[in-house]
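The chain below stands alone and is given as structure tokens, in the form predicted on its own.
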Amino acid sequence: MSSNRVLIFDTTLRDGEQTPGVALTPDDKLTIAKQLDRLGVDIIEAGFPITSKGEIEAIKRIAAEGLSAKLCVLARCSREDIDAALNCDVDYIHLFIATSDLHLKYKLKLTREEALNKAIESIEYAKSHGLYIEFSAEDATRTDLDYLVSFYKSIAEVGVDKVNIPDTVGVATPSSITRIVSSVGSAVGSIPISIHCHNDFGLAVANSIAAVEAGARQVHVTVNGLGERAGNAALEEVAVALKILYGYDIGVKLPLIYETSRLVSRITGVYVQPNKAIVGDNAFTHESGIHTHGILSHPLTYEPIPPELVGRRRRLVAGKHAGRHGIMKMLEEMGIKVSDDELKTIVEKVKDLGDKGKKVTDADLLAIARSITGRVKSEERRVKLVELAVVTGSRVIPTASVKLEVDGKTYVAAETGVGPVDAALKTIEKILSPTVKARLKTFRLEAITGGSDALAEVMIVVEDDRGNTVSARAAHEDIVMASVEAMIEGINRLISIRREY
């Protein structure tokens, strides 16, 4: 193997399944294993056979698929575990025994010498059955370094094929990992070294990469960083960093990373946090006006890698930090053309919603754009809303008070209705009856996005006493305001039509 080649050992199906609340069926495991094989991982740790009959069934089914990846199973240093592994039709076993004084005293009740003897006995038994052996000294990073080095040197002499160094509770730092890997490497000679890091302090990926820099040529990972407690080193982060930042040769097909992440998330029910590197929803999403302007000029201004490299697409979103360039690009992708004045109004509306703490979705932006692009030009608007107040409740009659400006003059009126929307629209009809007799023909909420405070889009049809009919729409986070704005827009259109004839 080239000195620049780093093997990816995926343990999603074993350590990943130990994520609290995750339990995979044999069908689930087979589906994930096939995807991992497509992704190009080198080794798949398919499970822990001694755990259950279902575990053995799942491993056997995966083994029968004839995947390109090597299949490995986990076993403690006991003949029972090794026999269970032998029953799974695989020839690669991952043996382990704890070596830290903490584990030896309180968990295993063994001395250091007894632990080493137990390891050697198990290795010899597994070897006698022709198994390829990767060996882990569990809790290696909390093990006395002199004893750890001596332990690995002893098991190397009895024929292990690979040694793995686990940071079982994630307490290592990159510098300590470097020291441990270098020391163990000197003791085991040409035997390959692997690293297995947990993320309790958020250092699993950094520690894994430090191990590779120190000479390890295999990294244990899980998709989406699944695993016990805070999880394991994330496959997507390790693979992309090793390939892009360090230039190592890995077998993982980067464009399949996002697809794999989504599959595992769906099957396990563990959702990926939005700001997760590489596979999170926000990883290639831009809102800030400065950022979107830069991205549209040249993507590398605010993206370290092209999203397509890992099977993603760039996404621009609207929000309080959005700018004209980003909003314009989003509208163009929706097939909407706007004037400079319309764009300015749309951006102001988006920022106003953002200032109120609301997330502006693509559907919200579309609703805002449709309502604004369909408006009568401001210089032709004879009717403008000045003020609106509504009163409603279980023991009061819904009442609306409206102040309108019509041809520069202010009018105020109030009306009751079956609800606040009905009361407000009746009040508008009352105020405008001397100017244009209009009645509401149809009313509907065409789109409501998100939660209870989300943007509502109202679409109405208004008819005057001459038989003219117009439609209008408006979008607002307040349904009453959206209704009033749509009604006023419709009446302004009617007035424009009446003036033409």
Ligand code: KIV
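Quick note: we count residues from 1 along the sequence shown, nothing fancier. Keep in mind it's a predicted model, so treat the numbers as computed, not measured.
Below, we turn to the form predicted together with 3-methyl-2-oxobutanoic acid (KIV), even though it does not appear here.
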item: Heavy atom of each of E236, F284 and G311 within 4.5 Å of 3-methyl-2-oxobutanoic acid (KIV) in the predicted complex; value: no
item: Options 341-349, 84-92, 395-403, 161-169; stretch whose heavy atom lies within 4.5 Å of 3-methyl-2-oxobutanoic acid (KIV) in the predicted complex; value: 161-169
item: Non-hydrogen atom contact N199 with 3-methyl-2-oxobutanoic acid (KIV) in the predicted complex at 4.5 angstroms; value: no
item: Distance check, L74 to 3-methyl-2-oxobutanoic acid (KIV) in the predicted complex, heavy atom within 4.5 Å; value: yes
item: 3-methyl-2-oxobutanoic acid (KIV) contact at E138 in the predicted complex, heavy atom, 4.5 Å; value: yes
item: Close approach of E489 to 3-methyl-2-oxobutanoic acid (KIV) in the predicted complex, 4.5 Å, heavy atom; value: no
item: Stretch 8-26: residues contacting 3-methyl-2-oxobutanoic acid (KIV) in the predicted complex, 4.5 Å heavy atom cut-off; value: R14, D15
